[in-house]
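Here you get one chain, nothing else, as C-alpha cells; it is the form predicted alone.
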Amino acid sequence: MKGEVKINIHNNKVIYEFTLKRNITIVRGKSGTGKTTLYRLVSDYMKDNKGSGVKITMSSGESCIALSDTDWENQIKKIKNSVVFIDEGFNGFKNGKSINDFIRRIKKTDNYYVVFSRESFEEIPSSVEEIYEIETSKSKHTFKKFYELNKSHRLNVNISKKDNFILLITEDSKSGKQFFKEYYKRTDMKVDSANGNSNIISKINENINKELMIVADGAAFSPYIDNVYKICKHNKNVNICLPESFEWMILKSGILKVKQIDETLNNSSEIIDITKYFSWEKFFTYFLEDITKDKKLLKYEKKKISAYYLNEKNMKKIAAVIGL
C-alpha cells in the first residue's frame, strides 16, 4: 500500500472514520474508549460480510483484516495490500522474542497495520506522529493525535519561550552530532550524542539537573515517547524536538535546489516503498544520499558530513527547521 488511506467502518450504532498515513499506526486509550469495538466490527465483517450489519469503505487497498491469534504467521503470508488491525493481548506481542518475530514477518509486506495497545513496544519503530487515541462525539469515532508537536517539531509540554538550554543531546552519533557541534562551536553550548533513540532516556537521566534540548528522529521514536514525555512533564528544564530525522531537516531547509525534494516531502506516503523502508528515517537518508551522490560539493555521507552543510548560512537554514 502507498499513500493516505481514508476508512469508514460503521453499523447501525457506531461510525469510525479515520485516515492512515503510514505502515504502522498505534491507537492508545483506556478500556471502554472504542478500540475493541473497532476491532470487533472488522472481525464481524470478515466472518459474515453483509450479514454482519457492518459496512467498510476504503479510499485504497483491498480490505480490512482483523488479525487473530490462531496461526497468525500464515495469515500474514496471505494478506496483501490491506489494512490489518491487531487487538490488545495479541499473542505475537507476549514478549520481546515474539514481537521481533512479528516485525520480521511484516517488514516485507505491503500492508498497513493498526495496533491497539496501551503499551510501548521498543521493537516497533513507528512515528510519534502516528500515535492516536479515539475521540468520540455521539456515535462517531475518529482518531486524535496522542502527542502534539508544534511547528518547530517540539513536544508540546513545558516549552519555554526562549531556548535557554546548555546541553543539546542528539540521538545521531555521526553527521547529526557533527552538525550541531559545529553550529554551536562559538557558544558555551555543549553537544553530546545518545548513540541512538534507545539511549535517550539514560542520557537524559545522566543530565537531569541541566537545561536540556533533546533532538531525536521522530519517525522512529514512538517506543520511547511515553517515558520521555513523563520526564519532560515533571522537569521543566527538559525539552524535546522530534523532526522526522536529521536528513529530513536538510531536505526541508531548502539549501539543496533539487526539484524532486518538495514533491517527495509533500507526498512521502505516496512515494516511500514500505517493503523497502519500514521506517521513514531510513528512506530520507537514502534519498538525500541518492540525489547528491553525483555532486562533489553537495555529496552527503552519514559517516562524515561535508563542508557544504557546515557553511554558516546553510547551518542556520537547517537549524531553523526546528526553531534553533
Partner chain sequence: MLNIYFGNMEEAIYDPSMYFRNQYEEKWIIDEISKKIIKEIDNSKVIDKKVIESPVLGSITPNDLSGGAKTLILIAHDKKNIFNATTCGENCASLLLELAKKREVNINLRYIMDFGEGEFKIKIKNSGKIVKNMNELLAEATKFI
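Residue numbers count along the first chain shown, from 1. All values reported here derive from a predicted model rather than from experimental measurement.
Not pictured, yet referred to below: the form predicted together with its partner chain.
Out of the listed residues Ile76, Ile231, Ile134, Met213, Ile231 is the one that sits within 4.5 Å of its partner chain in the model of the complex by at least one heavy atom.
Exactly one listed residue, out of Phe143, Phe90, Tyr183, Phe165, brings a non-hydrogen atom to within 4.5 Å of its partner chain in the model of the complex: Phe90. Of the candidate stretches 253 to 261, 58 to 66, 271 to 279, 35 to 43, only 35 to 43 contains residues with a heavy atom within 4.5 Å of its partner chain in the model of the complex. Remark: Asp226 counts among the residues lining its partner chain in the model of the complex, judged by a heavy atom distance of 4.5 Å or less. Shown alone here, Lys80 lies farther than 4.5 Å from its partner chain in the model of the complex, counting heavy atoms only.
In the model of the complex, its partner chain sits within 4.5 Å of a heavy atom belonging to Lys94. The shortest heavy atom separation between Ser31 and its partner chain in the model of the complex is within 4.5 Å.
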